[in-house]
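As a starting point, one isolated chain is supplied in structure tokens, in the form predicted alone.
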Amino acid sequence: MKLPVRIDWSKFGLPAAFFVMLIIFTVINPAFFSARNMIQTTRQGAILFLIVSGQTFALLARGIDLSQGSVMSLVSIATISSIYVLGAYAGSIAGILFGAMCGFINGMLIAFLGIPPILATLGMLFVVSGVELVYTGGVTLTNLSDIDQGRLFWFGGGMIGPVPVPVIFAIIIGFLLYYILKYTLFGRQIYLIGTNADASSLAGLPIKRVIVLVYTVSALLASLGAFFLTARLSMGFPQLGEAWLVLAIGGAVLGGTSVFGGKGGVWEALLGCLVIVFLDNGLIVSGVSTFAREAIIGVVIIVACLGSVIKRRV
């Protein structure tokens, strides 16, 4: 008997698997779907979504940004250090701009010096990591004034009604990024460059300018994620972003963004982010150990990358 409707599993398979996963974890431990756990999970998810979205921009342009994690650590340190001098609001902006500047430098190295993205951003990773460790000596920065700490904490740990503040910001930024990729010339240029850089060059597209902007956006979004995380902790951590880079790449690819460029977007970033965040949280409430969680998430990421390779060959 032939089914009247054919389901496109390449499009609906991951969302279906996501909802099945939610049901399974809820059955294992009903606390998984409690209001408190959902608030904490969506708060983490909002931060990861920003970082994944930044990585998505790099991947769409047939590149990659390996410096996101170290940039996040730099922003954490720069934000707290700047707040000591400038206060909570101006210091926070200064810290975020430090991170965006790293992305701008990445873009210049790639676009104007011809350094491959993987090498340019890997070099930035080591440079930034070295700078922040020399500056701090590996010591966490604390001792904000009560006023500055309260103002900063609101951005990472505050609530607007029942919704965490980072989630509100992530939603607004997400719609803005969707509009940029979908309806602006800059967004269309990113897809064209990722699909065929040589043809884009022959067509007269400003490839160098687009590449610089892409990596600036990638670092800026990672910096915003680091800011919300730092605000919640109200401390500057020299190694804050170590674990986030792999999750960012994995979330982008898992959601459907191609590692070969030209395919993907904000909704794919959101879907991949949700799967990783809720998978990790579900494993925690199910009593799975840290090492086993990391192994499981690693396998999921590898499978997602393999799927991207297979789709390209087919």
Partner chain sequence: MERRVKLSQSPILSFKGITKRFPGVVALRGVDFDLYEGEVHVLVGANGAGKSTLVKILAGVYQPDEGEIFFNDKRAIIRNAEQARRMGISIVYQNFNLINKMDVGQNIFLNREPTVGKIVRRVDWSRIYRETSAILKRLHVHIDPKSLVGDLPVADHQMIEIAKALAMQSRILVLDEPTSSLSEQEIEDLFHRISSLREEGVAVLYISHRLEEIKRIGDRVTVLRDGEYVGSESIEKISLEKVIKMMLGREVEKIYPWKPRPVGEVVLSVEGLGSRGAFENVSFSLRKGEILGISGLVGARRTELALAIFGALPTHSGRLIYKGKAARFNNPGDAIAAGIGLLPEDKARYGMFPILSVAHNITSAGLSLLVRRFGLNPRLERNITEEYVRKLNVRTPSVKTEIQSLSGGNQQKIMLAKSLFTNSEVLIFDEPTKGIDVGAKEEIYNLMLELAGEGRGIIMISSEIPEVLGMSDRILVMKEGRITAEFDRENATQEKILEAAL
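The shown structure was predicted, so the numbers you read here are calculated from the model rather than taken from an experiment. Residue numbers count along the first chain shown, from 1.
FYI, the form predicted together with the partner chain isn't displayed, but the following is about it.
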{"query": "Candidate site Gly91, Ala94 and Arg151: all three near the partner chain in the model of the complex by heavy atom within 4.5 Å", "finding": "no"}
{"query": "Partner-facing stretch of 221 to 229, 76 to 84, 96 to 104, 201 to 209, counted where any non-hydrogen atom is within 4.5 angstroms of the partner chain in the model of the complex", "finding": "201 to 209"}
{"query": "Residue among Leu185, Ile168, Leu176, Met159 with a heavy atom within 4.5 Å of the partner chain in the model of the complex", "finding": "Leu185"}
{"query": "Of Thr195, Ser234, Thr216, Thr136, the one that lies within 4.5 Å of the partner chain in the model of the complex (heavy atoms)", "finding": "Thr195"}
{"query": "Any non-hydrogen atom of Gly282 within 4.5 angstroms of the partner chain in the model of the complex", "finding": "no"}
{"query": "Lys263, heavy atom within 4.5 angstroms of the partner chain in the model of the complex", "finding": "yes"}
{"query": "Interface membership of Tyr191, the partner chain in the model of the complex, 4.5 Å heavy atom rule", "finding": "yes"}
